[in-house]
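Before any questions on binding or motion, here is one chain by itself as structure tokens, the form predicted on its own.
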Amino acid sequence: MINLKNLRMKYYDNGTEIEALKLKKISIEDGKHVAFIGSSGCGKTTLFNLISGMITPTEGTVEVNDVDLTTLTEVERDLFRANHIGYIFQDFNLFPDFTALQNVLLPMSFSKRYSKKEMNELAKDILKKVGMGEKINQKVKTLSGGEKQRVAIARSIVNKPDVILADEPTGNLDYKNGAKIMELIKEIAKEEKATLIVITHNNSQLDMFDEVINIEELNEVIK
């Protein structure tokens, strides 16, 4: 279960206080597939960063699996994210000079769950699952956009997260590849029984989700 309550995010720009986000409550049940929509700048990615523990709010609570991330240290949040949350970035966020396998191995090393042998076996299995089994030793910079996104998906799910966050995962892909990637993400989330939250501007994909949340309508600050 994900519970976001009484959230406020403020920052300062040249000494001026700016309130970027103000939300009363969002609750998402375990295993649900939810789409976040809203215009650019309304706070969707900020919410993802809060749910993942990358940042903490100025005020409010962020509960994931009954753990209030705002009470954890930065190191504790990093470990929680490694073990419980998979993050798929729009721009892939991969290391271009690393191979597909090396990129997938990175989050496994942070989680401290597996031996080196187990890590290699699991990473290879996950890459095969997303259709990249024949390119595990190929450097990411030589892959196509669709292939890079598949590697990014493999990296996000290799630790079997409870929550998968996908920030416009098809934004850099053409329609055909985008549809395939979205279907793959949903299929994997269903298999893993993970909660899936996707930021999307693609209205044609909205009927694929259990719930659609318009952040712009909930945000009391940004209209």
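Residue numbers run from 1 along the displayed sequence. Here the rigid core means the biggest group of C-alpha atoms that line up within 1.5 Å when the two forms are laid on top of each other. Computed from a predicted structure; not experimentally measured.
Although it is not shown, the form predicted together with a small molecule is what the next lines describe.
Undergrad: Heavy atoms within 4.5 Å of the small molecule in the predicted complex: which stretch in 41-49, 27-35, 154-162, 62-70 meets that?
TA: Going by heavy atoms within 4.5 Å, the stretch is 41-49.
Undergrad: Are any of the heavy atoms in Q90 no more than 4.5 Å from a heavy atom of the small molecule in the predicted complex?
TA: Within the cut-off, so yes.
Undergrad: Closest heavy atom of A20 to the small molecule in the predicted complex, within 4.5 Å or not?
TA: Yes - in the predicted complex, heavy atoms of A20 and the small molecule come within 4.5 Å of each other.
Undergrad: I'd like to know whether E192 contacts the small molecule in the predicted complex, with contact meaning heavy atoms within 4.5 angstroms.
TA: Although the small molecule is absent here, E192 would stay clear of it in the predicted complex, with no heavy atoms inside 4.5 Å.
Undergrad: If you check in the predicted complex, do Y11, E168 and H201 all have a non-hydrogen atom within 4.5 Å of the small molecule?
TA: Affirmative, all three are within 4.5 Å.
Undergrad: So with the core overlaid, does the Cα of L206 end up 2 Å or more away between the shown form and the other one?
TA: No; L206 is a residue whose C-alpha shifts by less than 2 Å between the shown form and the other one when the cores are overlaid.
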